[in-house]
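Let's start with one chain on its own, the form predicted alone, as structure tokens.
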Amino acid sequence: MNRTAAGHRVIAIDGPAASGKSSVARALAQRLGFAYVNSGAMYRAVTWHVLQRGVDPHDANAVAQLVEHSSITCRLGEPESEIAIDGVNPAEHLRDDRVNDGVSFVSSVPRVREILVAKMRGLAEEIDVVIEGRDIGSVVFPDTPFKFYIDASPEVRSQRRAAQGQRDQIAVRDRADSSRVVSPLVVAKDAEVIDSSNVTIDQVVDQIVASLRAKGFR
């Protein structure tokens, strides 16, 4: 059945900012009847918490200490996973400008990644999941045979970001994600790369489903 060590099937969707991976992962999960886990939302939630507590997101030690002493609860919601920190779900604040500016720094803290990776793996112990992020196939679930890397041209990604009303700079985020020491953004060696620049979300999902079937997915 091609199940991971976690006990359930995991489909890893990685890619840079505004590549379309979130939309693809959400649509794929709906089509397959899998749970959808947005790892980026988890890092954004922690970033919001750090900022709310007045901690400097550039101070890795202070960030790690705060997160270690915070209660982080993740659950499989509808239509996607949800996270609460110290009893608060910050979903409406995840795209705030200050979160956009700080998330690359917070997500580069090794202890933060360690804690959230454990949470992600815990979710996959409950049910089959489609999970998207930047290191899902390379670090979080390296044993899953179902790995996809969604990409798009920088121009297209910048246009998408602007259309979303987001002001963070794609090039800056790319450099931060690709150059961080812990779990950098990379294409997993056995991942299938799909360019979403000139195709629809449904077309990308169709391509993934066809690839899954070729891999023996049922």
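All figures in this text were calculated on a predicted structure; none of them were measured in a lab. Residue indices: 1-based, along the sequence shown.
As for the form predicted in complex with a small molecule, it is not shown, yet the points below apply to it.
Counting only heavy atoms and a 4.5 Å cut-off, does the small molecule in the predicted complex sit next to every one of Arg95, Val103 and Arg173?
-> Heavy-atom distance to the small molecule in the predicted complex: all three under 4.5 Å.
Work out which of the listed stretches, 27 to 35, 173 to 181, 148 to 156, 65 to 73, brings a heavy atom within 4.5 angstroms of the small molecule in the predicted complex.
-> One stretch meets the cut-off, namely 173 to 181.
Using a 4.5 Å heavy atom cut-off, state whether Val129 contacts the small molecule in the predicted complex.
-> Because no heavy atom of Val129 falls inside 4.5 Å of the small molecule in the predicted complex, the answer is no.
Would Trp48 count as touching the small molecule in the predicted complex under a 4.5 Å heavy atom rule?
-> Heavy-atom contact with the small molecule at 4.5 Å: absent for Trp48.
Contact label in the predicted complex: Arg113 to the small molecule, heavy atom within 4.5 Å = Arg113 belongs to the contact set for the small molecule.
So in the predicted complex, does any heavy atom of Arg160 sit within 4.5 Å of the small molecule?
-> Taking the distances in the predicted complex, the answer for Arg160 is no, it never comes within 4.5 Å of the small molecule.
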